[in-house]
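So this first bit is one chain, no partners, the form predicted on its own, shown in structure tokens.
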């Protein structure tokens, strides 16, 4: 039997490690569990740019007080709308508090909107869609981020890569339909990860600070990521920015601070979660039957030449999740080195690779 690769780790080992790091920094256990779960789930779903590779920078900012370890999150209800101040907490922590409050309210009103200010990077939007779908509710989630893409026709970053996600539950045992997309050609986190690992990025992803196309991730981070679909991606980023910053009183555009830059003020990231309690629209079983028919008819569309199948958004994510739950999560040597250094600083044991091989 072929031994496991030395850079492959059990998901539960990484989950325990991340959770211990957060609690060692002073985070409450429940919040630490959410933050760790968000990171490891991202790696399980092939979203490594938002996975445990982020733990180092999160820990640094929490340790120096730039992100609040125990934020005093406030929630002010206004009918079916919740105004939420995250008190500069970690994005995943603030967002889960907001989402749970919005789901509880949607249970009464049928629809609820949580508008959040005073937050930070919240990981993958799909994570919150998954949670809502597990509770039989649909979700529209969006956030802004530090400047990453230029307005169409410009060469300087103004808007964040501003992801937009939709989650729709399906019949029990089937993966939910989850659409999670950035307003940019690629998530900025992928470029950060490529820079960390010394890799190039594909042509067409970004421009440098002079507006010239580049495949150098470092130059791209100094420049800008290109919007998805040209002017359409710019318009989408603008609309999301208006939802999550103007309506929440969070920072917008160049006023959103970058987690990776030193000596910056609080990021003041904004989020928006729109929760739909499906059972208030129609009988939930009828909904899932209609959803099943809907997806079956999509899959039945004749295939284009060279295509093997038609995948529903979220299906590939679920397949990879199941595979990695079984086989483990592979980490690059650069990420492993950073996590080992973090384990020493926080006095938390870093797990052995799957199979017990040493590096």
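Residue numbers count along the first chain shown, from 1. Rigid core (definition): largest C-alpha set, two forms, superposition within 1.5 Å. All values derive from a computational prediction rather than experimental measurement.
What comes next is about the form predicted together with a further copy of the same chain, which is not displayed.
Peer 1: Of these, 164, 201, 219, 133, which has a heavy atom no more than 4.5 Å from a further copy of the same chain in the predicted complex?
Peer 2: When a further copy of the same chain is considered in the predicted complex, the option within 4.5 Å is 164.
Peer 1: Considering a further copy of the same chain in the predicted complex, which of 73, 266, 96, 251 comes within 4.5 Å of it through any heavy atom?
Peer 2: It is 251 that has a heavy atom within 4.5 Å of the partner.
Peer 1: Although a further copy of the same chain is absent from this view, report whether residue 65 comes within 4.5 Å of it in the predicted complex, heavy atoms only.
Peer 2: No, no contact at 4.5 Å.
Peer 1: Tell me, yes or no, whether residue 151 is in contact with a further copy of the same chain in the predicted complex, where a contact means a heavy atom of each within 4.5 Å.
Peer 2: Residue 151 belongs to the contact set for a further copy of the same chain.
Peer 1: Does at least one non-hydrogen atom of residue 196 fall within 4.5 angstroms of a further copy of the same chain in the predicted complex?
Peer 2: Output for residue 196 is no: heavy atoms all beyond 4.5 Å of a further copy of the same chain.
Peer 1: Find out whether any non-hydrogen atom of residue 113 is located within 4.5 angstroms of a further copy of the same chain in the predicted complex, and reply yes or no.
Peer 2: Result yes; residue 113 sits at the interface with a further copy of the same chain in the predicted complex.
Peer 1: Just one of 257-265, 207-215, 120-128, 88-96 has residues with a heavy atom within 4.5 Å of a further copy of the same chain in the predicted complex, so point it out.
Peer 2: Single hit among the candidates: 207-215.
Peer 1: In the predicted complex, which residues of 218-243 put a heavy atom within 4.5 Å of a further copy of the same chain?
Peer 2: Residues within 4.5 Å: 228, 229, 232, 234, 235, 236, 238, 239, 241, 242, 243.
Peer 1: At a 2 Å cut-off on C-alpha positions, does residue 211 qualify as shifted between the shown form and the other one after fitting the rigid core?
Peer 2: Comparing the forms between the shown form and the other one, which are aligned on their rigid core, residue 211 does shift its C-alpha by 2 Å or more.
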